[in-house]
Structures are given as structure tokens and as C-alpha cells.
Ligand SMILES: NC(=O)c1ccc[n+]([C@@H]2O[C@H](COP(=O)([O-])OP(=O)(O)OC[C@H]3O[C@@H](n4cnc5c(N)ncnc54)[C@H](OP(=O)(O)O)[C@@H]3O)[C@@H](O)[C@H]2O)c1
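Coming up is one lone chain in C-alpha cells, specifically the form predicted alone.
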Amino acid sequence: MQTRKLGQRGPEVSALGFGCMGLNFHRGNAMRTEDAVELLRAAFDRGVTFFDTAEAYGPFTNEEIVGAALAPIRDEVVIATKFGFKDGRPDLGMDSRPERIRRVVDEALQRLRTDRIDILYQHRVDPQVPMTDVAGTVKELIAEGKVVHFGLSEADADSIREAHSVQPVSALQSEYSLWWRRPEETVLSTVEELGIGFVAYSPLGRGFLSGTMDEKTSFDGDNDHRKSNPRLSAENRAANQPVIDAIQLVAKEKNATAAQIAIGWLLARKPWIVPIPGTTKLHRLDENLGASSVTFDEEDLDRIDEVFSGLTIHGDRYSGASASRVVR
């Protein structure tokens, strides 16, 4: 597994990380804890050193799984977690007050079985709390040794700059994929200018870009939020089939899978971009990690841009009611 440095100040991590959310949250039936622990350790054995979680995933239980899995190898991995929701519950609204941040960190340290958090993200920008207060609190936590690096998630360019002026931001985590390219408008240029690494979540479009879904696919379990995702409605899955067709053409040329093309495209964009696909299956983990072997030259990237510029993506990324507080 190759490694990448997250910007100028961030840690060195595996070129692909592991998004842990789906192990027991928002992706259908939760894995048994022992199976999830085994999967995370298998990822480490294959070279993955970057693991992403949050207090809101569960809430709290995802951090416990990550802690149990990584405690024996703690000094060999980079763990990222997040604060930003009242009582760890997105449905209750945002809460990035300094006292809440401190409580989240102290409790997360216990659940993660560690003495420091490598990257602490604000899960969503809180309009009720000045960014200077948020960044200032994290700065204090870094000075105390409880946090190593400061990160933001889904923040806009202005928020990034404001936070960075108080405490340098090491990483920005946002959704980025072949069918969600909004970061290219202003955010990518901002983080590049400031020397901030970019962590791309949902690089497979919640599974759609792997080419394993169609309009007949059903989502099992009450916990699978893809049931209510507008872009993943049966109608829009059918309408978005040309996206998969385009990816499959490239995959055939590269002797790769659709998932490997979607992830490999992100790796080829910038050397400081780190995708964090998640999975609950070992064979999908191996498939995802195979993306690091797929190469793209400038001609390939230009051709993909040209093809996708002619495609219409059907369906909103999130439902209107949940767009501001959604955790993924």
C-alpha cells in the first residue's frame, strides 16, 4: 500500500483509508462487533493505516468498535473522529460549543481506547458558534496533547479560511466522487492554496458507482438511509445508468472494476487526496484496495471529464430536510 501525506501539516496515511460508518450505522443491518473488528484488522494487515469514525455513528458505538479493533496496533494507525451534533445525534441539531467539544473529546478518547485523537473534525459548520471559538478550542486541545490535527467536514471556503487563521487545518473531509464534483468549484483550490489535505468520503456514491446497483436493488434493514436518498430512488437509479455505462467503458480499457475506476480517479486527481471507501465485506475491501494499482494519465482524465460533462446526474444528494445535518 502506498502512502500519502495529508497536505503540508497532516499525517502520512495509507493512500486509501477505511470509512468505518457503515460497519454498524446507516448502511442496513449492523455487523456483529467481532466481525467488524476482524474486518478492520484485515484492512490493517493489507496496509490500511487511516480509519475514520465519529461520535454520531451509532451514536457512540462505532467509536467503540474502532477502539476495540485498533487498540493493539494504536501507534501504527491514524484515527479520525468528529464532533458537532447535540448529544451525538444529528436529529437534535448542531452543537459545537467549546464545552461540548471538550466533552466529546474526553468521551471519545475512552471509547477509542487511546490517549490522543489524530484528526478531530468538526462534522458540520455550526452557524450558532463562531468558527474562531471552534478553532480556538481545538487549538487548546492540541496544546494539551488530546488532539494532534484539526479537521473540518463539508465546510465551505470561507469557513476553512476563518478556521485556518486561528488553528491551521490539516484535513478537510467532504463528499467527492465522479457524480458529486462540487468541491471542484472553490474548495479544492482553497485547500491546495492553504496546504490542507482532502479526505474524500462516499467515493463510490454510496455504492452506486460500483456498478452493483440498478433500479431493482433493494436496501435491507431499517437502518439503511439509502432508502430515503433522492439520488438513489429506483427512478433515479435507472436514470443514472449512463453514469455506470461510462465508468464501465473505462474499466474495460483498464482491466479494472467500476469501483476501482471511481476510486482510482480520485487518487489521480491530486497527490493529497485520500479516499475513504467503506465496506462490510472482505472481498469488497480487496477490490477497493486494488484501485491503488490503476493508473490514469492526463489524457485519461481529460477524456473522463469530457464524457461526464455531457451527463446529467439525476436526484439531489440529500433530502432537503436533512441536508444541513446529515452525517453522510
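Quick note: we count residues from 1 along the sequence shown, nothing fancier. Remember, it's a predicted structure, so these values are computed and weren't measured experimentally.
Form predicted in complex with this ligand: not shown, discussed below.
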* **Contact assignment for this ligand in the model of the complex, among 111, 206, 100, 164, heavy atom within 4.5 Å** => 206
* Between the options 274, 43, 70, 259, which residue brings a heavy atom to within 4.5 Å of this ligand in the model of the complex? -> 259
* To do: Report yes if all three of 5, 48 and 149 come within 4.5 Å of this ligand in the model of the complex by some heavy atom, otherwise no.
  => no
* residue 15: touches this ligand in the model of the complex, heavy atom cutoff 4.5 angstroms -> no
* **this ligand contact at residue 22 in the model of the complex, heavy atom, 4.5 Å** => yes
* Asked: Is residue 278 a contact residue for this ligand in the model of the complex, using a 4.5 Å heavy atom cut-off?
  -> yes
* To do: May I ask you to state whether residue 212 is within 4.5 Å of this ligand in the model of the complex, using heavy atom distances?
  => yes
* What stretch, of 181-189, 194-202, 103-111, 86-94, brings heavy atoms to within 4.5 Å of this ligand in the model of the complex? -> 194-202
* Structure fact -> Looking in the model of the complex, the residues of 122-141 with a heavy atom no more than 4.5 Å from this ligand, listed in order, are 123, 124
